[in-house]
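So this first bit is one chain, no partners, the form predicted alone, shown in structure tokens.
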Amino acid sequence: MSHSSVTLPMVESRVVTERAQASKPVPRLSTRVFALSQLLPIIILAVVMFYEVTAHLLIENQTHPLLFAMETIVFGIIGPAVTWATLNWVAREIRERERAEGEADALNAMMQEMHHRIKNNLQTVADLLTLEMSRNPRPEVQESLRDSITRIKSIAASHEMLSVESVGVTDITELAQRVVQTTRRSMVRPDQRITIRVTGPNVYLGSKQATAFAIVLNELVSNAIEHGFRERTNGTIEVELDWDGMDVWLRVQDDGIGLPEGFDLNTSRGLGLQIARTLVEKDLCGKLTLTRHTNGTTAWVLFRRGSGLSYK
């Protein structure tokens, strides 16, 4: 038998042992405190008894027997008992906190997995609609399917971000970046050069508000591309977010042809704007306004973060 054939199993065995030792779970803080509560009182008792025996029994002195008894009771019995009770109480409190944190981590992991699966399912639906759109030559059907695909992908984008967040909220400024890129790829024609800019601080919303926000933003940007630049090849859309700690503002401004004369959001028959208005009022409990200016259209959305307060 060669030397290499002997040493190889030994090396593999050592590596396996080292990996097993490295993978051993570290005892929790509560477990270590419980262990300390069992050990520390014994150490205190041993030290006190050693001192008492040495100082009062082995070494001759004039100490009163009552003092010896009091020191033994106070430092040898009451001291270890108080130490044991205190450490046990601390360990129980730590264990309760660890249990709560463990349950929160498990719930968070479950929510992340749920959002991940929802995102995958929505992506599958979008792919199926894309396949259906490619097989149907009618322009009105393709336009309707395209709008549905962009809405589904906007919802999927919010769930994709929620699947990697650890606190159940998502940054809608980053979400806005993803939504506008998805909308741009779906809506902008090959001959168009439309720039979309997203600016603003980090604003965090829960899953329900974030999903509604993604759909609303998609509808506003889609409406700007489809109607504001229908007969244009160049343009700019600015998406700006801001908030004051409670109220959130969204501004979507384009330099397109602007709103038609006599436009009224309340009587508009456009499906996209109807969806946006419904979501803003019902899910975000906010207010949507559209204004025409000399160089296009501005859409304003105002809502309160995590609140049911309605803006009228």
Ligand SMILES: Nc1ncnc2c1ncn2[C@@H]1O[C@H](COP(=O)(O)OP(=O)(O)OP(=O)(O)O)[C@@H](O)[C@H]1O
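So that there is no doubt, residue numbering starts at 1 and follows the sequence shown. Bear in mind that the values here come from a model prediction, so they are computed numbers and not experimental data.
Beyond the structure shown, there is the form predicted together with the ligand, which is absent from this document and is the topic of what follows.
You can rule out all but one of 29 to 37, 44 to 52, 252 to 260, 277 to 285: in the model of the complex, only 252 to 260 has residues with a heavy atom within 4.5 Å of the ligand. Remark: A224 counts among the residues lining the ligand in the model of the complex, judged by a heavy atom distance of 4.5 Å or less.
Mapping the unseen interface onto this chain, G228 counts among the residues with a heavy atom inside 4.5 Å of the ligand in the model of the complex. In the model of the complex, the ligand lies within 4.5 Å of some heavy atom of L271.
In the model of the complex, the ligand stays beyond 4.5 Å of every heavy atom belonging to K119. The putative spot formed by E174, R178 and L302 is not touched by the ligand in the model of the complex; no residue has a non-hydrogen atom within 4.5 angstroms of it. Taking the ligand as positioned in the model of the complex, the residues of 286 to 302 that bring a heavy atom within 4.5 Å of it are, in sequence order, L290, T297.
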